[in-house]
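Here we start with a single chain on its own, the form predicted alone, put down as C-alpha coordinates.
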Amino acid sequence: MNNVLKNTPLSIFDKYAPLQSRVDLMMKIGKDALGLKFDDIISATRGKIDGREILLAGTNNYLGLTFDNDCMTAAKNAVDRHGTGTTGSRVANGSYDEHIQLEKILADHLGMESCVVFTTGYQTNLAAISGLAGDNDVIFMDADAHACVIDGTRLTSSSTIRFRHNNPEDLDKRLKRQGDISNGNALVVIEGMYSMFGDIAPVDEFVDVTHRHGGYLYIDEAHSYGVFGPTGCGIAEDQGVLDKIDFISGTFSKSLASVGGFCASRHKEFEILRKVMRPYMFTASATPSNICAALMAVEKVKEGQNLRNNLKKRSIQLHSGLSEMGYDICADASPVIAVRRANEAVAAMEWNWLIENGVYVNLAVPPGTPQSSSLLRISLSAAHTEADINILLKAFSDLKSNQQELISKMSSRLTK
(Lines give C-alpha, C1' and ligand atoms only; values in the text may rest on other atoms or scores of the structure.)
Protein backbone atom coordinates (compact mmCIF):
# COMPACT_ATOMS: atom_id res chain seq x y z
CA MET A 1 0.00 0.00 0.00
CA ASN A 2 2.82 2.41 0.89
CA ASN A 3 4.48 1.76 -2.49
CA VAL A 4 1.23 2.42 -4.32
CA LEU A 5 0.82 5.73 -2.51
CA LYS A 6 4.48 6.63 -3.04
CA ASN A 7 4.39 6.00 -6.79
CA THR A 8 1.08 7.68 -7.57
CA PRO A 9 1.43 10.85 -9.70
CA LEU A 10 -1.81 12.30 -8.36
CA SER A 11 -1.94 15.34 -6.12
CA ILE A 12 -4.50 15.44 -3.34
CA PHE A 13 -5.91 18.49 -5.14
CA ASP A 14 -6.27 16.88 -8.59
CA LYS A 15 -9.88 16.00 -7.91
CA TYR A 16 -10.64 19.72 -7.98
CA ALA A 17 -9.28 20.24 -11.50
CA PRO A 18 -12.76 20.65 -13.06
CA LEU A 19 -13.66 23.23 -10.41
CA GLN A 20 -10.36 25.05 -10.99
CA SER A 21 -11.18 25.25 -14.69
CA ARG A 22 -14.47 26.95 -13.85
CA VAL A 23 -12.70 29.40 -11.54
CA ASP A 24 -10.12 30.14 -14.24
CA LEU A 25 -12.94 30.85 -16.69
CA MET A 26 -14.57 33.21 -14.20
CA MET A 27 -11.32 35.07 -13.65
CA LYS A 28 -10.84 35.52 -17.39
CA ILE A 29 -14.23 37.19 -17.50
CA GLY A 30 -13.61 39.46 -14.49
CA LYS A 31 -13.70 39.29 -10.70
CA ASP A 32 -14.01 36.22 -8.48
CA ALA A 33 -17.71 36.43 -7.68
CA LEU A 34 -17.34 33.83 -4.92
CA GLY A 35 -14.53 35.69 -3.18
CA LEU A 36 -15.48 39.34 -3.62
CA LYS A 37 -13.85 41.81 -1.22
CA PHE A 38 -15.66 44.94 -0.06
CA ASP A 39 -13.55 47.93 0.93
CA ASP A 40 -16.32 48.99 3.31
CA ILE A 41 -19.96 48.48 4.18
CA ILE A 42 -21.47 51.93 4.67
CA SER A 43 -25.11 51.13 5.39
CA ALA A 44 -27.73 48.44 4.87
CA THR A 45 -27.91 49.41 1.18
CA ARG A 46 -24.49 50.86 0.32
CA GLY A 47 -20.94 49.52 0.23
CA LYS A 48 -17.60 50.26 -1.44
CA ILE A 49 -15.73 48.13 -3.97
CA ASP A 50 -12.47 49.33 -5.53
CA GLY A 51 -13.04 52.72 -3.92
CA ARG A 52 -16.45 53.21 -5.57
CA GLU A 53 -19.79 53.37 -3.75
CA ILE A 54 -22.13 50.60 -4.83
CA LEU A 55 -25.80 49.72 -4.30
CA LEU A 56 -26.12 46.50 -2.29
CA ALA A 57 -28.83 44.18 -3.60
CA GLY A 58 -27.53 40.76 -2.58
CA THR A 59 -27.04 40.78 1.19
CA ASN A 60 -30.15 38.96 2.57
CA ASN A 61 -30.50 41.92 4.97
CA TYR A 62 -34.27 41.71 4.56
CA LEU A 63 -35.32 44.16 7.26
CA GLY A 64 -32.20 46.33 7.02
CA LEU A 65 -31.50 46.02 10.75
CA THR A 66 -27.70 45.64 10.61
CA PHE A 67 -27.38 49.41 11.01
CA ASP A 68 -30.36 49.85 13.34
CA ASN A 69 -29.20 52.02 16.27
CA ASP A 70 -30.91 49.89 18.92
CA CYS A 71 -29.42 46.65 17.57
CA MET A 72 -25.93 48.16 17.36
CA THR A 73 -26.20 49.59 20.88
CA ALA A 74 -27.34 46.22 22.25
CA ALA A 75 -24.32 44.51 20.68
CA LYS A 76 -21.88 47.13 21.99
CA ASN A 77 -23.31 46.99 25.51
CA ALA A 78 -23.03 43.19 25.49
CA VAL A 79 -19.29 43.41 24.80
CA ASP A 80 -18.90 45.89 27.66
CA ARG A 81 -20.76 43.57 30.06
CA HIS A 82 -19.54 40.12 28.98
CA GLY A 83 -16.50 40.53 26.74
CA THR A 84 -16.03 39.34 23.19
CA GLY A 85 -16.55 35.57 23.35
CA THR A 86 -17.86 32.62 25.33
CA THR A 87 -14.74 30.42 24.84
CA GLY A 88 -16.66 27.17 24.88
CA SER A 89 -19.91 25.30 24.36
CA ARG A 90 -22.97 25.73 26.53
CA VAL A 91 -22.60 22.13 27.64
CA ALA A 92 -19.05 22.70 28.88
CA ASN A 93 -19.08 26.37 29.88
CA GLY A 94 -22.72 26.98 30.69
CA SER A 95 -25.23 29.42 29.25
CA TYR A 96 -25.32 33.17 29.63
CA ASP A 97 -28.56 34.67 30.84
CA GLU A 98 -29.03 36.21 27.38
CA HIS A 99 -28.94 32.78 25.68
CA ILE A 100 -31.87 31.72 27.86
CA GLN A 101 -33.69 35.02 27.33
CA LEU A 102 -33.43 34.73 23.56
CA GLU A 103 -34.74 31.14 23.57
CA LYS A 104 -37.72 32.19 25.68
CA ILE A 105 -38.51 35.26 23.58
CA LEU A 106 -38.34 33.26 20.32
CA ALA A 107 -40.48 30.44 21.76
CA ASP A 108 -43.08 32.95 22.93
CA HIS A 109 -43.08 34.78 19.61
CA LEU A 110 -43.58 31.55 17.67
CA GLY A 111 -46.04 30.11 20.19
CA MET A 112 -43.79 27.10 20.78
CA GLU A 113 -43.06 24.99 23.86
CA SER A 114 -39.30 24.80 23.36
CA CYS A 115 -36.54 26.69 21.54
CA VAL A 116 -32.80 26.00 21.25
CA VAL A 117 -30.35 28.64 20.03
CA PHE A 118 -27.29 27.66 17.97
CA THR A 119 -24.09 29.39 16.92
CA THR A 120 -24.98 29.56 13.20
CA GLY A 121 -28.03 28.92 11.08
CA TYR A 122 -26.18 26.19 9.20
CA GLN A 123 -25.44 24.34 12.44
CA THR A 124 -29.09 24.64 13.41
CA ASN A 125 -30.27 22.30 10.68
CA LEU A 126 -27.24 20.03 11.04
CA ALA A 127 -28.02 19.63 14.74
CA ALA A 128 -31.80 19.48 14.79
CA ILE A 129 -32.32 17.17 11.80
CA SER A 130 -29.57 14.75 12.85
CA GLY A 131 -30.85 14.83 16.43
CA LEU A 132 -34.48 14.20 15.52
CA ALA A 133 -34.02 11.42 12.95
CA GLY A 134 -33.00 8.03 14.33
CA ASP A 135 -32.10 4.66 12.84
CA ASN A 136 -35.69 3.60 12.14
CA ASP A 137 -37.00 6.97 10.99
CA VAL A 138 -37.39 8.16 7.39
CA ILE A 139 -36.69 11.72 6.27
CA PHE A 140 -38.77 13.10 3.40
CA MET A 141 -36.95 16.13 1.99
CA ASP A 142 -37.92 18.71 -0.64
CA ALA A 143 -35.82 18.29 -3.78
CA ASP A 144 -34.60 21.91 -3.58
CA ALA A 145 -33.52 21.72 0.05
CA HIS A 146 -30.64 23.91 1.22
CA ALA A 147 -27.16 22.41 1.70
CA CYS A 148 -27.48 22.49 5.51
CA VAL A 149 -30.66 20.40 5.32
CA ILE A 150 -28.95 17.90 3.02
CA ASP A 151 -25.90 17.75 5.30
CA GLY A 152 -28.14 17.31 8.33
CA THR A 153 -29.59 14.17 6.74
CA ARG A 154 -26.06 12.89 6.05
CA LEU A 155 -25.27 12.96 9.76
CA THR A 156 -28.04 10.44 10.43
CA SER A 157 -28.42 6.75 9.69
CA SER A 158 -32.01 7.39 8.62
CA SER A 159 -33.27 6.70 5.13
CA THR A 160 -33.81 9.87 3.07
CA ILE A 161 -36.40 10.21 0.32
CA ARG A 162 -36.67 13.32 -1.86
CA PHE A 163 -40.00 14.54 -3.20
CA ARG A 164 -40.67 17.00 -6.01
CA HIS A 165 -40.12 20.62 -5.12
CA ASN A 166 -43.11 22.34 -3.50
CA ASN A 167 -45.33 19.38 -4.47
CA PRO A 168 -47.58 18.11 -1.65
CA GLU A 169 -49.16 15.58 -4.01
CA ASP A 170 -45.80 13.96 -4.70
CA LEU A 171 -45.06 13.86 -0.97
CA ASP A 172 -48.43 12.20 -0.43
CA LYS A 173 -47.59 9.49 -2.99
CA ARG A 174 -44.20 8.82 -1.44
CA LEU A 175 -45.60 8.63 2.09
CA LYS A 176 -48.26 6.18 0.88
CA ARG A 177 -45.62 4.12 -0.93
CA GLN A 178 -43.51 3.99 2.22
CA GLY A 179 -46.47 2.73 4.26
CA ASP A 180 -46.04 2.01 7.94
CA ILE A 181 -42.55 2.85 9.18
CA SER A 182 -41.58 0.01 11.48
CA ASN A 183 -40.59 1.33 14.92
CA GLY A 184 -39.99 4.78 13.48
CA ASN A 185 -41.47 8.04 12.24
CA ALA A 186 -41.61 10.18 9.12
CA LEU A 187 -39.89 13.58 9.33
CA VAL A 188 -40.87 15.89 6.45
CA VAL A 189 -38.47 18.79 5.83
CA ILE A 190 -39.41 21.83 3.75
CA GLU A 191 -38.52 25.53 3.61
CA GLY A 192 -40.78 28.58 3.80
CA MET A 193 -39.21 30.79 1.15
CA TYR A 194 -36.50 29.10 -0.89
CA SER A 195 -33.27 31.04 -0.96
CA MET A 196 -32.29 30.74 -4.62
CA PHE A 197 -35.54 31.30 -6.57
CA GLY A 198 -37.51 33.08 -3.83
CA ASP A 199 -40.50 30.79 -4.34
CA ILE A 200 -42.95 30.13 -1.50
CA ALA A 201 -43.97 26.70 -0.18
CA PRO A 202 -47.66 25.75 0.19
CA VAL A 203 -47.04 25.07 3.88
CA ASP A 204 -50.72 24.66 4.71
CA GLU A 205 -50.99 21.79 2.21
CA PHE A 206 -47.80 20.16 3.49
CA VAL A 207 -49.20 20.29 7.04
CA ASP A 208 -52.30 18.43 5.91
CA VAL A 209 -50.41 15.74 3.99
CA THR A 210 -47.75 15.19 6.66
CA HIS A 211 -50.10 14.91 9.61
CA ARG A 212 -52.59 12.77 7.69
CA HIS A 213 -49.79 10.19 7.40
CA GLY A 214 -48.78 10.57 11.05
CA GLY A 215 -45.53 12.38 10.26
CA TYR A 216 -43.79 15.40 11.76
CA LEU A 217 -43.33 18.61 9.75
CA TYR A 218 -40.04 20.53 9.97
CA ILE A 219 -39.90 23.90 8.22
CA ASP A 220 -36.81 26.03 7.70
CA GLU A 221 -37.91 29.67 7.82
CA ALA A 222 -34.38 31.09 7.52
CA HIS A 223 -35.28 33.43 4.65
CA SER A 224 -38.89 34.05 5.69
CA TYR A 225 -38.77 34.68 9.45
CA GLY A 226 -39.22 38.41 9.99
CA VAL A 227 -40.44 38.89 6.42
CA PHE A 228 -43.86 37.19 6.28
CA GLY A 229 -46.82 36.92 8.61
CA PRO A 230 -48.69 39.50 10.71
CA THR A 231 -45.98 39.40 13.40
CA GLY A 232 -43.09 38.24 11.21
CA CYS A 233 -43.08 34.56 12.20
CA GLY A 234 -42.79 33.46 8.58
CA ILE A 235 -44.72 31.60 5.89
CA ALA A 236 -46.42 29.23 8.34
CA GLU A 237 -47.93 32.21 10.18
CA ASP A 238 -48.78 33.91 6.89
CA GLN A 239 -50.75 30.83 5.81
CA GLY A 240 -52.45 30.40 9.19
CA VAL A 241 -50.85 27.10 10.24
CA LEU A 242 -48.13 28.20 12.66
CA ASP A 243 -49.70 26.28 15.54
CA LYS A 244 -49.61 23.06 13.50
CA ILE A 245 -45.88 23.06 12.69
CA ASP A 246 -43.83 20.55 14.68
CA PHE A 247 -40.40 22.16 14.23
CA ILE A 248 -39.34 25.58 12.92
CA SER A 249 -35.73 26.50 12.26
CA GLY A 250 -34.36 29.91 11.44
CA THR A 251 -31.23 32.01 11.32
CA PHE A 252 -30.09 35.28 12.86
CA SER A 253 -28.03 36.24 9.80
CA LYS A 254 -30.95 37.42 7.67
CA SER A 255 -33.76 39.46 9.27
CA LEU A 256 -32.22 39.34 12.75
CA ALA A 257 -29.05 41.18 11.69
CA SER A 258 -26.67 38.95 13.63
CA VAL A 259 -25.06 35.50 13.44
CA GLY A 260 -26.66 32.38 14.91
CA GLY A 261 -29.74 30.22 14.54
CA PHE A 262 -32.64 28.58 16.35
CA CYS A 263 -34.96 25.62 16.24
CA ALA A 264 -38.30 25.79 18.03
CA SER A 265 -40.87 23.05 18.59
CA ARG A 266 -44.42 22.71 19.82
CA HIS A 267 -43.25 19.52 21.54
CA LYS A 268 -41.70 20.24 24.94
CA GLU A 269 -39.81 16.93 24.65
CA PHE A 270 -37.55 18.68 22.12
CA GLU A 271 -35.47 19.87 25.09
CA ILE A 272 -33.88 16.42 25.47
CA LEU A 273 -32.06 16.97 22.17
CA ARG A 274 -29.67 19.38 23.90
CA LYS A 275 -28.01 16.21 25.22
CA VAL A 276 -27.54 14.57 21.81
CA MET A 277 -27.11 17.25 19.12
CA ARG A 278 -23.39 17.18 18.39
CA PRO A 279 -23.22 20.53 16.52
CA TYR A 280 -24.79 22.07 19.65
CA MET A 281 -22.76 20.18 22.24
CA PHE A 282 -19.32 20.54 20.68
CA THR A 283 -19.36 24.10 19.30
CA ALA A 284 -18.60 27.31 21.15
CA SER A 285 -21.82 29.11 21.98
CA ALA A 286 -22.84 32.34 20.28
CA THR A 287 -21.04 35.48 21.43
CA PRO A 288 -22.80 37.95 23.75
CA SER A 289 -22.85 40.65 21.07
CA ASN A 290 -24.52 38.35 18.53
CA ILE A 291 -27.09 37.15 21.04
CA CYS A 292 -27.98 40.65 22.25
CA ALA A 293 -28.22 42.04 18.72
CA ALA A 294 -30.64 39.21 17.90
CA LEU A 295 -32.62 39.84 21.10
CA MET A 296 -33.21 43.42 20.05
CA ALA A 297 -33.93 42.43 16.45
CA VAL A 298 -36.71 40.04 17.55
CA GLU A 299 -38.49 43.02 19.13
CA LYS A 300 -38.08 44.91 15.87
CA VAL A 301 -39.55 41.96 13.97
CA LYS A 302 -42.64 41.88 16.20
CA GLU A 303 -43.30 45.57 15.55
CA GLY A 304 -42.01 45.53 11.99
CA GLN A 305 -45.15 45.67 9.85
CA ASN A 306 -44.03 48.95 8.27
CA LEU A 307 -40.71 47.33 7.34
CA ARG A 308 -42.51 44.31 5.88
CA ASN A 309 -44.90 46.55 3.94
CA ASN A 310 -42.04 48.50 2.36
CA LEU A 311 -40.18 45.30 1.54
CA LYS A 312 -43.27 43.95 -0.22
CA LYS A 313 -43.72 47.19 -2.20
CA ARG A 314 -40.10 47.18 -3.33
CA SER A 315 -40.32 43.50 -4.30
CA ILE A 316 -43.39 44.13 -6.46
CA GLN A 317 -41.77 47.23 -7.99
CA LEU A 318 -38.62 45.35 -9.01
CA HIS A 319 -40.41 42.20 -10.16
CA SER A 320 -42.83 44.20 -12.31
CA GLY A 321 -40.07 46.29 -13.84
CA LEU A 322 -37.85 43.32 -14.73
CA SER A 323 -40.83 41.40 -16.12
CA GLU A 324 -41.75 44.32 -18.38
CA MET A 325 -38.19 44.27 -19.75
CA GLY A 326 -38.62 40.62 -20.70
CA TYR A 327 -36.30 39.07 -18.12
CA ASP A 328 -36.95 35.43 -17.17
CA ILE A 329 -37.71 35.55 -13.44
CA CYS A 330 -37.82 32.26 -11.54
CA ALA A 331 -40.79 32.93 -9.21
CA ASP A 332 -43.47 35.41 -8.24
CA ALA A 333 -42.57 38.63 -6.43
CA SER A 334 -40.80 38.09 -3.11
CA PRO A 335 -37.76 39.58 -1.36
CA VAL A 336 -35.61 37.21 -3.44
CA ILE A 337 -35.82 37.81 -7.18
CA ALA A 338 -33.75 35.45 -9.33
CA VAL A 339 -33.11 36.30 -12.98
CA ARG A 340 -32.32 33.23 -15.07
CA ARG A 341 -29.41 33.57 -17.51
CA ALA A 342 -28.38 31.47 -20.50
CA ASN A 343 -25.33 29.86 -18.89
CA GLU A 344 -22.61 30.33 -16.28
CA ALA A 345 -20.31 32.40 -18.52
CA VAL A 346 -23.05 34.84 -19.51
CA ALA A 347 -24.18 35.19 -15.87
CA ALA A 348 -20.59 35.89 -14.75
CA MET A 349 -20.11 38.44 -17.53
CA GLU A 350 -23.31 40.26 -16.59
CA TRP A 351 -22.52 40.13 -12.87
CA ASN A 352 -19.19 41.85 -13.58
CA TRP A 353 -20.91 44.48 -15.72
CA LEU A 354 -23.36 45.26 -12.91
CA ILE A 355 -20.50 45.62 -10.41
CA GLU A 356 -18.71 47.99 -12.78
CA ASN A 357 -21.92 50.00 -13.08
CA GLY A 358 -22.54 50.37 -9.37
CA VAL A 359 -24.84 47.46 -8.50
CA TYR A 360 -24.03 44.37 -6.42
CA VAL A 361 -26.19 41.26 -6.79
CA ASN A 362 -25.34 37.58 -6.25
CA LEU A 363 -23.96 35.32 -8.95
CA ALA A 364 -25.50 31.91 -8.29
CA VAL A 365 -24.41 28.88 -10.33
CA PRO A 366 -24.55 25.05 -10.13
CA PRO A 367 -24.33 22.99 -8.02
CA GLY A 368 -25.77 25.51 -5.55
CA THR A 369 -28.85 26.28 -7.65
CA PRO A 370 -32.00 24.31 -8.53
CA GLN A 371 -32.35 22.87 -12.02
CA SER A 372 -28.65 23.62 -12.73
CA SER A 373 -29.65 27.24 -13.27
CA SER A 374 -27.26 30.16 -13.70
CA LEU A 375 -28.73 33.17 -11.94
CA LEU A 376 -28.37 36.82 -11.12
CA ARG A 377 -29.92 36.67 -7.66
CA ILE A 378 -31.25 39.83 -6.03
CA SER A 379 -32.24 40.02 -2.38
CA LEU A 380 -34.08 43.16 -1.33
CA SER A 381 -34.19 45.01 1.97
CA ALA A 382 -36.80 47.08 3.76
CA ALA A 383 -34.06 49.74 3.78
CA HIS A 384 -34.25 50.01 -0.02
CA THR A 385 -36.20 53.01 -1.30
CA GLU A 386 -38.28 53.44 -4.42
CA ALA A 387 -35.33 55.39 -5.85
CA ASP A 388 -32.97 52.47 -5.10
CA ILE A 389 -35.18 50.09 -7.06
CA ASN A 390 -35.22 52.54 -9.96
CA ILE A 391 -31.41 52.45 -9.92
CA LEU A 392 -31.55 48.65 -10.11
CA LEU A 393 -34.06 48.73 -12.94
CA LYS A 394 -31.96 51.26 -14.88
CA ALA A 395 -28.92 49.02 -14.48
CA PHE A 396 -30.77 45.96 -15.80
CA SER A 397 -32.23 47.99 -18.66
CA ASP A 398 -28.76 49.19 -19.64
CA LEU A 399 -27.47 45.64 -19.28
CA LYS A 400 -30.01 44.43 -21.83
CA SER A 401 -29.12 47.28 -24.20
CA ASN A 402 -25.42 46.39 -24.05
CA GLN A 403 -25.90 42.65 -24.43
CA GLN A 404 -24.29 42.18 -27.84
CA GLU A 405 -21.27 44.31 -26.96
CA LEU A 406 -20.81 42.33 -23.73
CA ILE A 407 -20.98 38.97 -25.49
CA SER A 408 -18.40 40.13 -28.01
CA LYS A 409 -16.11 41.34 -25.22
CA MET A 410 -16.52 38.05 -23.33
CA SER A 411 -15.67 36.00 -26.43
CA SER A 412 -12.55 38.07 -26.91
CA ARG A 413 -11.41 37.52 -23.30
CA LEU A 414 -12.07 33.78 -23.43
CA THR A 415 -10.06 33.25 -26.62
CA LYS A 416 -6.94 34.97 -25.27
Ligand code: PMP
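What you see is a predicted model, and the numbers here were worked out from it, not measured in a lab. The first residue of the shown sequence is 1; numbering continues from there.
Omitted from view is the form predicted together with the ligand, to which the following refers.
Scanning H165, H146, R90, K312 against the ligand in the predicted complex with a 4.5 Å heavy atom cut-off leaves one residue, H146. Checked against the ligand in the predicted complex, the candidates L171, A222, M277, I139 yield a single residue with a heavy atom inside 4.5 Å, and that residue is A222. Although the partner is absent here, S289 sits far enough away that none of its heavy atoms falls within 4.5 Å of the ligand in the predicted complex. Within this chain, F247 is remote from the site of the ligand in the predicted complex, having no heavy atom within 4.5 Å. Contact check for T251: a non-hydrogen atom falls within 4.5 Å of the ligand in the predicted complex.
Taking the partner from elsewhere, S195 is found to have a heavy atom lying within 4.5 Å of the ligand in the predicted complex. Residues within 4.5 angstroms of the ligand in the predicted complex, judged by any non-hydrogen atom, belong to 120 to 128 and to none of the other stretches in 102 to 110, 280 to 288, 231 to 239, 120 to 128.
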